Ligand code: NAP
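Listed next as structure tokens is one chain, alone, in the form predicted alone.
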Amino acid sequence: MQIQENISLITFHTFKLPVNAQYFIKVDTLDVLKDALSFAKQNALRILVLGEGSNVIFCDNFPGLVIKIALQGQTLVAETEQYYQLKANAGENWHNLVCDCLRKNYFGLENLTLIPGTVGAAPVQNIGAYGVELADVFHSLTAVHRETLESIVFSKSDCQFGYRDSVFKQQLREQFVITSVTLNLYKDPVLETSYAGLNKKLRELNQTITPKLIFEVVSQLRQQKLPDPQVLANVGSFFKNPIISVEQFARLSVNYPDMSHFRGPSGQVKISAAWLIEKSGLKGYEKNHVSITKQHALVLANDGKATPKSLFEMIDYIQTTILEKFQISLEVEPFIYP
């Protein structure tokens, strides 16, 4: 087990802030993972589990052990009349998994292409895009308990998936490390085209809709809207779409009849956070090396010189502006450490 000390994390998270980890280890086997967890326990260290760092923001150096998950591999574990049941280890790149499945004619992930991050991070956030969520194809996951080192299988209901949410983002966040995810992937295409932007583009193309076409169109739409974090440091969508009551939506609609919204949970309405930011005139705004990108109002970017202080000043400015203008609170989507 090779644990390193005082390691820069600038290349291990996509917002690329200049912060360090007190201890750092890259794990590529379950045994190394368990050894790392034991080390943290023996030394009373906080633990941060990292995939590709595409949903993580640092407000300071991390005072503990950062565990970089590098568990690789995919296995077809079962097959039914309707599904291929595929197990993927937590360190697999999510987009590469989507591409592999499409090549094999394992369907259901096409709408989730180009979402940055690893397979292990996907259920934490219940990743979703263009009308599909991970929960739609999820079967189960395996996770190691940080204290007992026992591997436990969690079913879909165990995970308590919600909008960009799961039990691993809430009450079990500090208790388990996800090591693999098993998906139910369709043998026959199930085409999800209800998302407005995707549907519009498909109609314009006027071609036979296939999983491959959906994959290509979603890829094109994401590349148009979202800057590549390898080129411009960012974590993708920075704020959740807020959910408000029907009554509050009705009041706001009087002054903002064009307010972009979606159907939310029963009796509620989901508002486009990007619309709120753009309507406030903030799109393209930049200060102290942090910008709200011109490509997409939900994406904050680091020009290479941002600090945690300058980022959090920008976050506060955006949240305050939206609250004052619309009486809506914006919630940051990525995890904030330490």
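Just count from 1 along the sequence shown to find any residue number. Nothing here was measured: the structure is a model prediction, and the numbers come from that model.
Omitted here: the form predicted together with the ligand. The next part is about that form.
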Distance check, Gly108 to the ligand in the model of the complex, heavy atom within 4.5 Å: no
4.5 angstroms heavy atom contact with the ligand in the model of the complex for Ser237: yes
Close approach of Pro211 to the ligand in the model of the complex, 4.5 Å, heavy atom: no
Contact label in the model of the complex: Tyr195 to the ligand, heavy atom within 4.5 Å: yes
Heavy atom contact within 4.5 Å of the ligand in the model of the complex, the stretch among 225-233, 148-156, 78-86, 99-107: 225-233
Sole residue of Lys26, Lys34, Lys279, Lys270 within 4.5 Å of the ligand in the model of the complex, by heavy atom: Lys270
Single option in Ala135, Leu185, Val167, Ala129 placed near the ligand in the model of the complex, where near means a heavy atom within 4.5 Å: Ala129
Within 4.5 Å of the ligand in the model of the complex: residues from 289-307 (heavy atom criterion): His296
